[in-house]
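Below, in structure tokens: the form predicted alone, a single chain.
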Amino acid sequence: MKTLAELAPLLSAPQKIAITHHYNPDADALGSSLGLFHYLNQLGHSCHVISPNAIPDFLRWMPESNSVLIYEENKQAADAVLDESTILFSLDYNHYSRTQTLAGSLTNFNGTKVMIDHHLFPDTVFDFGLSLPSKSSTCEMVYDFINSTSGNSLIDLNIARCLYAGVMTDTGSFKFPCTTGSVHAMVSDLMEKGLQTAPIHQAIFDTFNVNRLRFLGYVLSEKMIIDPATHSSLIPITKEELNRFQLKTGDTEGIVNYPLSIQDIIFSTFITERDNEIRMSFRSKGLFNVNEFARTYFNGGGHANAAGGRSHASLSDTIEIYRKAIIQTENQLKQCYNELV
């Protein structure tokens, strides 16, 4: 895979470019996609952003989010864009399987394939790219990419808002260890360009519907299971419970983090039963590596303190697999807890 610096000659002339991100987009996926979209358009390229599925309501404030093609809603138009594009950007994922229903179309793409991502173990299908797990977010990497192409002066408020959203959320509002000096330097630069941060925080965290808040109360009072012996927490949610609260895409975002605010809990798991699979989110504090846990037991992956996984077993069987995995990692959890305190 060639470096992003070697991509420069291809971008020196107008190109038709498709920008994609992973299934169930979060602020980093959509923010990096739209941030790059606005930048490349300023350079004279013709760009389209394709999302595998619907964009969560709390991200629809992003500039030009209404122009994003939703693959599951308009496959014909999205495939037409891919057929006409000469360059494909894959942002915030490093394997086409992360896009689920879009994966087949991406695999068949005949143009230049570019990856910008901060997850471990990238696939080898990309022609150009960069994978830096040490980076806070893909949005930070897009910011670095813009600077590397001498484009800092082109960063307007549209780009700044999109990129800030991904950095803010992926750093846990700047409290996670991935919040490096380069993150603060980036935010400082964006603010000097006129970025107002408070409205973005409000748009992401203070615009949920009442059903989501009632669901959160139900989860914390009725579904959260605490295991003090292993310093872990489990929240299993059935499909019936998701339907009962009429949740939309993105309404469960961030709930996995709540148990980590409990004293002595360093590992949190959130399990949801969907139509065709069980989805799992893992979060941790300190040195317990949830990326390793997800890869070992649930065909997943991510970062050291934030990862995801999937299961095609039933919900009850998945919970049993999880419990056995906790037993196997109990000593490691206890050791990580002792090192944290």
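Everything numeric in this text was worked out from a predicted model, so none of it was measured. Sequential numbering from 1, following the sequence displayed.
Same protein, other form: the form predicted in complex with a small molecule, not shown, and the subject of what follows.
With a 4.5 Å cutoff on heavy atoms, R310 counts as touching the small molecule in the model of the complex.
A306 belongs to the set of residues with a heavy atom inside 4.5 Å of the small molecule in the model of the complex. Proximity of P52 to the small molecule in the model of the complex: non-hydrogen atoms within 4.5 Å are absent; the residue sits far from the partner. Put simply, N299 is close to the small molecule in the model of the complex: some heavy atom of it is within 4.5 Å. Looking at 60-68, 44-52, 30-38, 280-288, the stretch with residues near the small molecule in the model of the complex, meaning non-hydrogen atoms within 4.5 angstroms, turns out to be 280-288. The partner is absent here; in the model of the complex, the one residue of K135, H119, R212, K113 having a heavy atom within 4.5 Å of the small molecule is H119.
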